[in-house]
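One chain follows as structure tokens, the form predicted alone.
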């Protein structure tokens, strides 16, 4: 198959490298900044480049790697270029807004929401890796009218690439789970390092500081949009977190040793059970 990677930043270039490493598919590539595309071609990360007008009609699967607000306009603006019955997907971390907007369109290709669950605290082509998706999950959020064989084709490609697990779910459930497994962790980490004591951590910090603060290294432009596009599920998670923090606060303020102990025991038990 011809696989077109649109956007050769951290995720897009890592997808291209993984395709080249683990599959025999032909990898086409395009990036807004042409110097990056030329580098990718010279590095053997992609097999072919050109204009979108040349590349899109050749692609059996197109993977779009843009910030969330750019994905819908790109697909709609180029809808007449996509190969008939081909698959168009993306790597964005939110799915409901994109999927529910695009399902209103009349395409002769199949849009299937995609989310390769991996990342780094750094961005850009130079930080891409052909191992980024090792042990990672790939999530698909097909629209209700998507033929099963098209979803199976995208899942099969993810398996060829070496993703450890593939999940097929609804856009709404995806966003609900991502609010819990990813977005709230970034909110917590950023809130944590906003403490006035954070600049003084050197000499006092060990594994706990490192573990909690790691994902405060964040691309603020991208994550601002992701948070706002997933507002309702994320706010529910923030409310739950604040509620639990208040339980700890009240127990400590009231010297309630039993309740404090029970809260930690419950947290430990749940972590032991679910991993």
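Positions refer to the first chain, counted from 1. Treat the numbers as computed from the prediction; the structure is a model and nothing was measured.
There is also a form predicted together with a further copy of the same chain; it is not shown, and the following applies to it.
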| property | result |
| --- | --- |
| The unique member of 70, 245, 38, 52 whose heavy atoms fall within 4.5 Å of a further copy of the same chain in the model of the complex | 245 |
| Residue among 169, 131, 159, 127 with a heavy atom within 4.5 Å of a further copy of the same chain in the model of the complex | 169 |
| Touches a further copy of the same chain in the model of the complex: residue 221 (any heavy atom, 4.5 Å) | yes |
| Proximity of residue 34 to a further copy of the same chain in the model of the complex, heavy atoms at 4.5 Å | no |
| a further copy of the same chain contact at residue 215 in the model of the complex, heavy atom, 4.5 Å | yes |
| Distance check, residue 98 to a further copy of the same chain in the model of the complex, heavy atom within 4.5 Å | no |
| a further copy of the same chain in the model of the complex: contacting segment from 201-209, 145-153, 106-114, 76-84, heavy atom within 4.5 Å | 201-209 |
| Residues of stretch 258-275 in contact with a further copy of the same chain in the model of the complex (4.5 Å, non-hydrogen atom) | 260, 261, 263, 264, 265, 266, 267, 268, 270, 271, 272, 274, 275 |
